[in-house]
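A single chain, nothing else alongside it, follows as structure tokens in the form predicted alone.
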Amino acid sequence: MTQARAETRIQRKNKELILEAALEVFSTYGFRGSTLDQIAAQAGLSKPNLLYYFPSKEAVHKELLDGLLDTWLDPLRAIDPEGDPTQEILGYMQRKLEMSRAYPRESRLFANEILQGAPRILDALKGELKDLVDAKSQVIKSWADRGLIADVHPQHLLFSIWSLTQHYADFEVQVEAVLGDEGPFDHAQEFLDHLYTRLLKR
């Protein structure tokens, strides 16, 4: 059996260039509005060179999404069932807000995929994502049942955190237009900390 040859340094570099360029293009134009020509131009490579690494636009997009979904779930995985309930939920919200600050393009890439009906990650949403949300929802429900936090609907609590934190990335232009000279994140955490502290208080 022939073993696959390890990638050379140049091959790794070119693949990273392509994925970085694809992230910029897909997050700006969405999957349907993006082309391999745009990605190749953004990467500073020829289209045939790009096709050496990825056989199609779908293949580039899938590799980006596969890596993104795992990263996107890490903040939720970090909720500790043994921790202080309010602090664990606030910590999760803060991690999600920081991801919007640090990875706005990745957030928009994910949002664009969802808006199109999630054709390339629907199985993961119904599988890995749902399984993790179900598990953490049980943790939140157990906290509420024990009187440690208010009786909130766990899944809708998580949906609200996703919406309120990712808004800063997905609607960045709108946020900046409204706030003007004020930085988009200058008072976001303070506001959301107050909001969720009040919501969770019994």
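Residue numbers here begin at 1 and follow the sequence given. Keep in mind that what you see is a predicted model, and the values were worked out from it rather than measured.
In what follows, reference is made to the form predicted together with a further copy of the same chain, a form of this protein that is not presented.
Novice: Looking at the partner-bound form in the predicted bound form, is Leu179 within 4.5 Å of a further copy of the same chain by any heavy atom?
Specialist: Yes.
Novice: Ile140 versus a further copy of the same chain, in the predicted bound form: is there a non-hydrogen atom within 4.5 Å?
Specialist: Answer no; every heavy atom of Ile140 is more than 4.5 Å from a further copy of the same chain in the predicted bound form.
Novice: Should Gln42 be classed as touching a further copy of the same chain in the predicted bound form when contacts are defined as heavy atoms within 4.5 Å?
Specialist: Answer no; every heavy atom of Gln42 is more than 4.5 Å from a further copy of the same chain in the predicted bound form.
Novice: Could you confirm whether Thr71 comes within 4.5 Å of a further copy of the same chain in the predicted bound form, counting heavy atoms only?
Specialist: Outside the cut-off, so no.
Novice: Please state whether all three residues Leu23, Lys62 and Leu90 have a non-hydrogen atom within 4.5 angstroms of a further copy of the same chain in the predicted bound form.
Specialist: The answer is no; none of Leu23, Lys62 and Leu90 reaches a further copy of the same chain.
Novice: Any residue of 104-130 with a heavy atom within 4.5 Å of a further copy of the same chain in the predicted bound form counts; write them all down in order.
Specialist: Residues within 4.5 Å: Arg108, Phe110, Ala111, Asn112, Ile114, Leu115, Gln116, Gly117, Ala118, Leu122, Leu125, Lys126, Leu129, Lys130.
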